[in-house]
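Here we start with a single chain on its own, the form predicted alone, put down as structure tokens.
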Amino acid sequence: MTLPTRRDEAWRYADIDAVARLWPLAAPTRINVAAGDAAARHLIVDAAQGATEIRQFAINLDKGAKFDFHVLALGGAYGRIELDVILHEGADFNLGGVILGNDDQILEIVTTVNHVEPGATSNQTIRAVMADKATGTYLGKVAVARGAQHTDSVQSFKAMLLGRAATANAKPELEIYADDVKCAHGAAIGELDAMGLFYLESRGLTPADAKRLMLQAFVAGVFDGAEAEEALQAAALAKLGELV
């Protein structure tokens, strides 16, 4: 396989030098959920400082299957989580992801969700908090095949930047070849609300505690009901403590 370049849309914001050190990549982890079954999985990418970690998954959901995947990207100099999902008739896929970065980290969540048969649903909720010179990226493509009528798909990305040098990139993408579908996507990037911080500080919180509380609220809910909710929440809160 040829090493990707920044001309490749899915690698536009990647650290190509870091990718080269792992190239060629190992085969993706394959997950198959049988017809009518339900499964859940979680992933915390917390590589050592300066390390590179790329995790790829090929996920197939048979008719009526349900799969919940929760991911937390917070470690390493460069970290990438890549999902390629195929949804058959009536399948349901839910992704909850949080990206937390500081220093000069580059962290990415890249997804392709393929609705290949009618009646499948997918929901992707991604939140990012970036500090210092860190870069957080979400590239999410939803592809609806001909005949995949009654598809219902939602993508939501929101990022909070804690400094002028921090960066967030978002590209929710829809490729639809069916005419009876519900597909929505949204992206928003901003800063902590100054009035909200002032209010919390006026109630006795230190500036750091006020920021931490607002950031906790910002990512709250993404891991609700996750397979390892407590572990995900604890790891996210610990990292948020570093960012403020």
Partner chain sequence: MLNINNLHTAIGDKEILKGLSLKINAGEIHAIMGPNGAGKSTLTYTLGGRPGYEVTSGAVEFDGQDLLALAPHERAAAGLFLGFQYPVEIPGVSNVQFLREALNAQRKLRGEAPLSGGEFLKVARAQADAMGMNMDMLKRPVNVGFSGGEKKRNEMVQMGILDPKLAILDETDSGLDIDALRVVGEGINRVMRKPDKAVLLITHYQRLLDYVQPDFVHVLAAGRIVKSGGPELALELEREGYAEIAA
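Positions refer to the first chain, counted from 1. All of these numbers come straight from a predicted model, not from anything done at the bench.
In what follows, reference is made to the form predicted together with its partner chain, a form of this protein that is not presented.
**Message:** I'd like to know whether residue 182 contacts its partner chain in the predicted bound form, with contact meaning heavy atoms within 4.5 angstroms.
**Reply:** Because no heavy atom of residue 182 falls inside 4.5 Å of its partner chain in the predicted bound form, the answer is no.
**Item:** Residue contact check: residue 30 to its partner chain in the predicted bound form, 4.5 Å heavy atom
**Value:** So residue 30 does not count as contacting its partner chain.
**Message:** residue 205 versus its partner chain, in the predicted bound form: is there a non-hydrogen atom within 4.5 Å?
**Reply:** Residue 205: yes, in contact with its partner chain in the predicted bound form.
**Message:** Can you work out whether residue 41 and its partner chain are in contact in the predicted bound form, taking contact to mean some heavy atom pair no more than 4.5 Å apart?
**Reply:** No - in the predicted bound form, heavy atoms of residue 41 and its partner chain never come within 4.5 Å of each other.
**Option touching its partner chain, based on a heavy atom within 4.5 Å in the predicted bound form, out of 201, 175, 46, 37** = Checking each option against its partner chain in the predicted bound form, the one that comes within 4.5 Å is 201.
**Asked** Of 213, 58, 51, 188, which residue is found within 4.5 angstroms of its partner chain in the predicted bound form when only non-hydrogen atoms are counted?
**Response** It is 213.
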